[in-house]
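Let's start with one chain on its own, the form predicted alone, as structure tokens.
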């Protein structure tokens, strides 16, 4: 299990993270979505033990991470810009990892490279950006980490490889009880793979919950009436958005679905239905509520 407790971080006078609390159980994939400059990469660096927060603590299976080599060995952080000894091959990088991580699995590395069509004895520096991303993930998984932190990890991969790696990471997470955090902007990808999600904005972690709850928490209800419903009659529903087309009214609402349906019944609709939103739509609405890009 991974826990962050009241993480605060600032650089000079700029607050980057504010009282960030997060708990992810083993066998779960958590999606960390955020606006530009929200603090996603900083949070991952703190979790991995690369930088120390101004306040708060990180624990992996109950052990604090900062200045704890044993806890750090359980964590693998995949940056958005892979770093290698570029004159080295995958096989050499695997041997390098084995030197400081005795239980590093070179056989597993060879198996992964074969699965993802990676030449183990060619220089990594000669590979394309997308291929280097594939190398990065394979080297990470061969270390069998307990916590894997992925910062824009799938960017640069073609659709076939994206799906293959998503499937592999899902299997690893479930089979080994790994904690996986995916940070980025690709809401569709996270909706497909993540068990839970949180929105990071201006250093605050918002709307944390399991995927189904977060996505179903905001929805659209559309209904048609014999006569158009006046705007003032919709105020009690506290809609985030109101769209009209003739007698058809479409409301975007946050809150209890049953209460909303009961309130709409008072308008004596000819028909009414609730429409689900995608994670991307929910994220946009939540950020608009925070006053972002308005």
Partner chain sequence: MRNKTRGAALRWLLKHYLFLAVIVFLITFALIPMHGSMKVHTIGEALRDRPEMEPILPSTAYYFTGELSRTFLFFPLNLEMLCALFGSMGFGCALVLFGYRFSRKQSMMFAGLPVTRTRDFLLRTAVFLILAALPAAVCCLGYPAIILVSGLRDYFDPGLYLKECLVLMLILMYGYAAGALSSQLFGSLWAAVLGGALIIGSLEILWFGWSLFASCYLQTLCFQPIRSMISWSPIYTLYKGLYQVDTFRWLPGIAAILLLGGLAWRASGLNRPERAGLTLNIPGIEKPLLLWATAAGGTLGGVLFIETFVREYSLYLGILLGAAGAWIVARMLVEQNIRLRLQGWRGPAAALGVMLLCCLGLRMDVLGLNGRMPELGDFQAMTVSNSYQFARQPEKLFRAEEKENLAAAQEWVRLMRDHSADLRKETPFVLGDYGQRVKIRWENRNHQILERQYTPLEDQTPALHALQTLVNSQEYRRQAAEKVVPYAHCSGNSILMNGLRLQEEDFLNLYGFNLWSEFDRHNSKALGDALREDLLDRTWEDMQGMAVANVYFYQIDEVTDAYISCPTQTVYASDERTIRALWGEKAETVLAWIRGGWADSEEILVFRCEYELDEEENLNLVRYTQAASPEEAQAWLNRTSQCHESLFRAPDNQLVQIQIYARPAVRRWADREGMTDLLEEEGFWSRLPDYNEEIYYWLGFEERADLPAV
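Positions refer to the first chain, counted from 1. As the structure is a prediction and not an experimental result, all values here were calculated from the model.
Beyond what is shown, the protein has a form predicted together with its partner chain; the following relates to that form.
Only one of 186-194, 92-100, 209-217, 149-157 places residue heavy atoms within 4.5 angstroms of its partner chain in the model of the complex, namely 92-100. Taking the partner from elsewhere, residue 26 is found to have every heavy atom lying beyond 4.5 Å of its partner chain in the model of the complex. Taking the partner from the other structure, its partner chain in the model of the complex has a heavy atom within 4.5 Å of a heavy atom of residue 85. Using a 4.5 angstroms threshold between heavy atoms, residue 59 stays clear of its partner chain in the model of the complex.
The shortest heavy atom separation between residue 269 and its partner chain in the model of the complex exceeds 4.5 Å.
Of the residues given (261, 63, 51, 250), 51 alone sits with a heavy atom within 4.5 Å of its partner chain in the model of the complex.
Put simply, of 144, 72, 162, 201 only one has a heavy atom within 4.5 Å of its partner chain in the model of the complex, and it is 72.
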